[in-house]
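As a starting point, one isolated chain is supplied in structure tokens, in the form predicted alone.
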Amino acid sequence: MSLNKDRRIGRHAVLLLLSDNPVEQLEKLKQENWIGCLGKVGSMDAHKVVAAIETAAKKNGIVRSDVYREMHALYHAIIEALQGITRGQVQIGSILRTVGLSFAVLRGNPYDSEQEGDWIAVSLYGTIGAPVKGSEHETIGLGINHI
């Protein structure tokens, strides 16, 4: 069992999110039997960020809502990524903060052995700050979980 350095799912999720040509990037990942999607969300409510990412992942066939372990893995990857953008405290509106984020969700096997199964990565990039234009700064987060 070894993690293939060219198949690091977190790295690819961040590169997909920040890519100038995400469609081309997604096509390359599909050739490796990976599936992904991109989206945007802005809110003062963390639950709306979670819901937007979950909805995109379900609509794009990355996870199946009727399979608990898939939804559970996605949820934990989202929360881990949110902890990154909120510096460890998944609080936004309750402390008068808002986010404007782009996100990428990526599913695939980062190992050489197929028996290792799929993993899921969620990357977030955008701004966080007070709900006043010009009172925000950049932020980035990454969450990875096995399915």
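The structure displayed is predicted, hence computed values, not measured ones. Numbering starts at 1 and runs along the sequence shown.
What comes next is about the form predicted together with a further copy of the same chain, which does not appear here.
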Problem - Contact residue in the predicted bound form, chosen from K40, K30, H47, K59 - any heavy atom within 4.5 Å of a further copy of the same chain - result: H47
Handout entry: is_contact(P22, a further copy of the same chain) in the predicted bound form, heavy atom dist at most 4.5 Å
Key = no
Problem - Proximity of I79 to a further copy of the same chain in the predicted bound form, heavy atoms at 4.5 Å - result: yes
Practice task
Verify the contact flag for E116: yes if a non-hydrogen atom of it lies within 4.5 Å of a non-hydrogen atom of a further copy of the same chain in the predicted bound form, no if not.
Solution key: yes
Exercise for the section: With heavy atoms only and a cut-off of 4.5 Å, decide whether I35 touches a further copy of the same chain in the predicted bound form. Expected result: no
Exercise for the section: Using the arrangement in the predicted bound form, list in sequence order the residues of 72-93 with any heavy atom within 4.5 angstroms of a further copy of the same chain. Expected result: H72, A73, Y75, H76, I79, E80, Q83, G84, R87, G88, Q89, V90, Q91, G93
